[in-house]
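Next comes just one chain, in structure tokens: the form predicted alone.
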Amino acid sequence: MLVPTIGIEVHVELKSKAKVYSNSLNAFSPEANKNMTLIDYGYPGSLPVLNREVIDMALKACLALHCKINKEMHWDRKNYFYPDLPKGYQITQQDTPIGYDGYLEIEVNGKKKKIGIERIHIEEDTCKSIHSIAGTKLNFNRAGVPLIEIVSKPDMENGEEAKAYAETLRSILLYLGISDVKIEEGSMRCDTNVSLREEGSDKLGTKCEIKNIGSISNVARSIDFEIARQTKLLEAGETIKEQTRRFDDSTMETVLMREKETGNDYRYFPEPDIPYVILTDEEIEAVRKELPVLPNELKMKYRETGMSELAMNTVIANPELCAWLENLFTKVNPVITANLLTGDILSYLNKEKISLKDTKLEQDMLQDLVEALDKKEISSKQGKEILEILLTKGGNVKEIRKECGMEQISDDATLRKMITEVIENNKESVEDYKAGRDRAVKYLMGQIMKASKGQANPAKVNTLLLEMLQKY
């Protein structure tokens, strides 16, 4: 039986203020070749200067992924020719990556698994090639943008695990605040290595690398296709060749790009223009103290509240929503808060293509709304109506309730009068209740809420209704 072995290399653009080896602005610009200096051009005689902010960002990733830290680091030149690399080499960390021997924990179908992190190293991005009928042009805005490459150990066995790994890694990096990790925009890029080995054998099969994977969903699809492709070849008695392939999302297949290069092809040697960097224990601990609460910790915390898996995963996937939940967590019911944030609020944000800060809703307004829902002072339908007003116009929850006639009726005498009238007008339902038909209570409840125009306190109505039915 053939067993898949999968490893993933993830390139992540860091959002430092400047590039990694120059003081050029590290920012998107619609204007080509705007954010650049002679260093980014690879101009002869220009010398790189290492950006300390990049080291601290990379260090955060290493610590969050439980890596050991190389306290003494040097940089290397990775030599290869390509039009988007004007120097003819890329400055990277080959022999002394900033982090190594870490791990990331994933969860698939309720089962947890640790995926080893082999290494994390710092390097620079290349120019962006722009292809057209007229030819290929280069945009140097991306040249020198800082990257960290996170290389997993070959610990995954299928596309589902690989997808969970990519999603979990993206979530951690997003919470660290060091990258936008938008795979569709290129700030997070995944390359996968897939091979097959005989079950029970420690000898790994020949791997093929898959590049140009445009989404996390396609990480799983490309791997599953590649496993099927290699299985078919091996079962037919053919040999797998080490290749670089790409994933075509129109055909959902991997396509040959080139025969695989080896490490020797890059002629690595130490970068002479950047001095060694020494990290002290004090510097490492200072960065460790800046680490935020990470997604796995939040999951454990939210599960204890009884929050649904869907609401929990959705709110954690959106740091802005999660920040609101965290701020309100101890003040009001977190389950109701999460349901509102991941339900009607997120739906509105997606529809309008905006973020929470672009709405009129404020945290104290949401707190008041959750309290009203939790105390059953308003129905869920009324909550939706109030929320829509808060998102578009803002306001005070109590005042909105008063203006819209949503003041809840909780007075026993008034409710008893309403219930008596409904019972007198629905004798058949009373008989159904006596006959043990539970739906009769729901029907009577509906009639009472209708009579009160939704203003009756549902919990009190239910208690009083059952009490009064016993007397008939």
Partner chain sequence: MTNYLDLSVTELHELLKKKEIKPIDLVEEAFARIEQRNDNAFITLNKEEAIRVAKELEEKEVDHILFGIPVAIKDNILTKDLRTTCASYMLNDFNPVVDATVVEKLKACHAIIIGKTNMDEFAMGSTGETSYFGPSKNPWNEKKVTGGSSSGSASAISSRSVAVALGSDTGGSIRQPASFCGLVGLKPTYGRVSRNGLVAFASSLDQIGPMTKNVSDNAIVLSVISGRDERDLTSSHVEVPDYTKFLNQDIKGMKIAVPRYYMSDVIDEEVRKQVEKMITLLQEHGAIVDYVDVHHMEHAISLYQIIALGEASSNLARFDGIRYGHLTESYDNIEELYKKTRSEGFGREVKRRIMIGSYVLSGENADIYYKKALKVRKALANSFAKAFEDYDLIIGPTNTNVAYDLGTKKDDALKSFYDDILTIPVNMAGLPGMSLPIGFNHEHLPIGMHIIGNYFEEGKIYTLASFIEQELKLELKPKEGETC
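On a predicted model such as this, the values are computed, not experimentally measured, just so you know. Positions refer to the first chain, counted from 1.
There is also a form predicted in complex with its partner chain; it is not shown, and the following applies to it.
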Of Arg246, Lys87, Lys376, Arg221, which one comes within 4.5 Å of its partner chain in the predicted bound form, counting heavy atoms only? Lys87
Given that its partner chain is left out here, which of Asp265, Glu198, Glu297, Glu388 has a heavy atom within 4.5 Å of it in the predicted bound form? Asp265
Can you work out whether its partner chain is within 4.5 angstroms of a heavy atom in all three of Leu38, Leu138 and Pro270 in the predicted bound form? yes
Using heavy atoms and a 4.5 Å limit, would one call Gly306 a contact residue for its partner chain in the predicted bound form? no
Heavy atom of Gly436 within 4.5 Å of its partner chain in the predicted bound form: no
In the predicted bound form, does Asp95 come within 4.5 Å of its partner chain, counting heavy atoms only? yes
Whether Phe28 contacts its partner chain in the predicted bound form should be assessed with a 4.5 Å heavy atom distance threshold; does it? no
Given 171-179, 138-146, 111-119, 367-375, the stretch touching its partner chain in the predicted bound form at heavy atoms within 4.5 Å is 138-146
Check each residue of 10-49 against its partner chain in the predicted bound form and list those with a heavy atom within 4.5 Å, in sequence order. Leu38, Tyr41, Gly42, Tyr43, Pro44, Gly45, Ser46, Leu47, Pro48, Val49
